[in-house]
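As a starting point, one isolated chain is supplied in structure tokens, in the form predicted on its own.
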């Protein structure tokens, strides 16, 4: 199914070509003045410069070519040569019926599906997730769903941070705090075998790790000996010394429970739950291969790959592959991960949904991967994003100045959602279980839509009161609109009213059909730009268009033919809105 904008664009482009103008100048866009027209084409001005003719003369010639097209109720020239297009009611009715009958509501699939891997989430083992992980999880999940819906074969990978220097810091800190664990770990290292009694390790909790890591990280910055010890431990872990490895496995086990809880609460899921440790066995052979290629350079005891290119406006640092202590570095595991993904999935595209502040790191890794032949230019894409800020304009912190844990933010938003529902008088006839389910959906909608309505590259201010409101441009408002349509359709079904063919007559009906028609264009923009905000904007516009339609066009009280037509429009609106929200990772309750 071709949307109206594209269909009319093809007609106008053909009209430009017929008068000797470049056809691409006939591009059609939604009208800047919807009170005057549905679509517009501004190409006559550019065509006039190319052809040396008056722009209104060009526009007049184009309009003459369009005369008689049954899809157009009116074609008019405005100003110096703008062409305004108004769609005929019959064409809108035909399009509405086509959309209502289409399981995909007008959404097309890509012509050439690709294998795509989305790297998002990025939690660190041994640390609870914090608000800094929120945007990666929300944006990455939506991109994964969007690409899959468009027809690509997509894998989502959590990509844990579980094998670097921070592990060496934590292992040392835990051993310092617990003599029993120190004895056990050192004995296992000496024996070259896993401890027979793991009970001392089982006493280590995620809360312990969360408490110890900031202290250890601070010591590592201030104390050279402490930092060097952590690096030696990291190298020992990466060579799988039995004691270090057993303690690391405990870190991973206690972290997994919290990660699954927080991701589940956000409606985020992964196909691969891999971490840096999963490519450890590839690193040694990879380093040998890189050396044989002549890519590795010795530098003060370390081994690096230089990535600066001729023409660079600034010099990028090299990729540190092996530290002077002999351990693999963060970038090394990223490079090995690219190689692992190539062998296991052979993706056409890998999307890294990671904070924009990591842009240089990924540029360095991507360049090294291309030099090594592990990826082609353009195959690796860093989809960066801004920060979620507090009212001071800085990355969001707690009142005490600390980093807010993600689970605490989720619970805080749930509490606010419960209060909002009660303020609105909702939930009084519900079981406690149903109320909690709805409150959870409202909370997730509030968090996700607040994030996704912004272009990912921008930062935004966290405002819980505004995000959880049932009015304005918010996730809860969209849920309320969807639930209202569900309620309407339930009442219609209870009274035995059926849906029927659509006949567009009223202005609010026109606006609603034109908004429904714009779904594929929004999907295309979101897909091409890795920008779910285009889809979020469409969902909001659709909700607004339905609200105006609901107010202006009575349904259940209308005469039968009109009623059945409007019920079909309501049904198509609900299905498209639910689909758009699902692609954003937002679930709609049955009632509120």
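Numbering follows the first chain given and starts at 1. In this text, rigid core is short for the largest set of C-alphas that superpose within 1.5 Å between two forms. All values derive from a computational prediction rather than experimental measurement.
What follows is about the form predicted in complex with the RNA, which we do not show.
Are all three residues 276, 525 and 591 in contact with the RNA in the model of the complex, where contact means a non-hydrogen atom within 4.5 Å?
Verified in the model of the complex; spot residues all in contact, yes.
Report the residue, out of 232, 473, 405, 148, that has at least one non-hydrogen atom within 4.5 angstroms of the RNA in the model of the complex.
If I apply the 4.5 Å criterion carefully, the residue I get is 473.
Just to confirm, with a 4.5 Å cut-off on non-hydrogen atoms, which of 454, 515, 413, 337 contacts the RNA in the model of the complex?
None of the others qualify; the residue that does is 454.
Using the partner position in the model of the complex, report whether residue 299 sits within 4.5 Å of the RNA, counting heavy atoms only.
Because a heavy atom of residue 299 falls inside 4.5 Å of the RNA in the model of the complex, the answer is yes.
Given that the RNA is not shown alongside this chain, does residue 360 nevertheless sit within 4.5 Å of it in the model of the complex, heavy atom to heavy atom?
Output for residue 360 is yes: heavy atoms within 4.5 Å of the RNA.
Using the partner position in the model of the complex, report whether residue 65 sits within 4.5 Å of the RNA, counting heavy atoms only.
No, no contact at 4.5 Å.
So in the model of the complex, does any heavy atom of residue 255 sit within 4.5 Å of the RNA?
No, residue 255 stays farther than 4.5 Å from the RNA in the model of the complex.
For the chain seen here without its partner, which of 137 to 145, 278 to 286, 419 to 427, 190 to 198 has a heavy atom within 4.5 Å of the RNA in the model of the complex?
It is the stretch 419 to 427.
Since the partner is left out here, which residues of 451 to 481 would have a heavy atom within 4.5 Å of the RNA in the model of the complex?
Sequence-ordered list: 453, 454, 455, 458, 459, 460, 461, 466, 470, 471, 472, 473, 477, 480, 481.
Please state whether residue 52 has a C-alpha shift of 2 Å or more between this form and the one not shown, with the rigid core used for the fit.
Yes, residue 52 moves 2 Å or more.
Is residue 169 displaced by at least 2 Å at its C-alpha between this form and the one not shown when the rigid core is overlaid?
Comparing forms between this form and the one not shown, the residue 169 CA shifts at least 2 Å.
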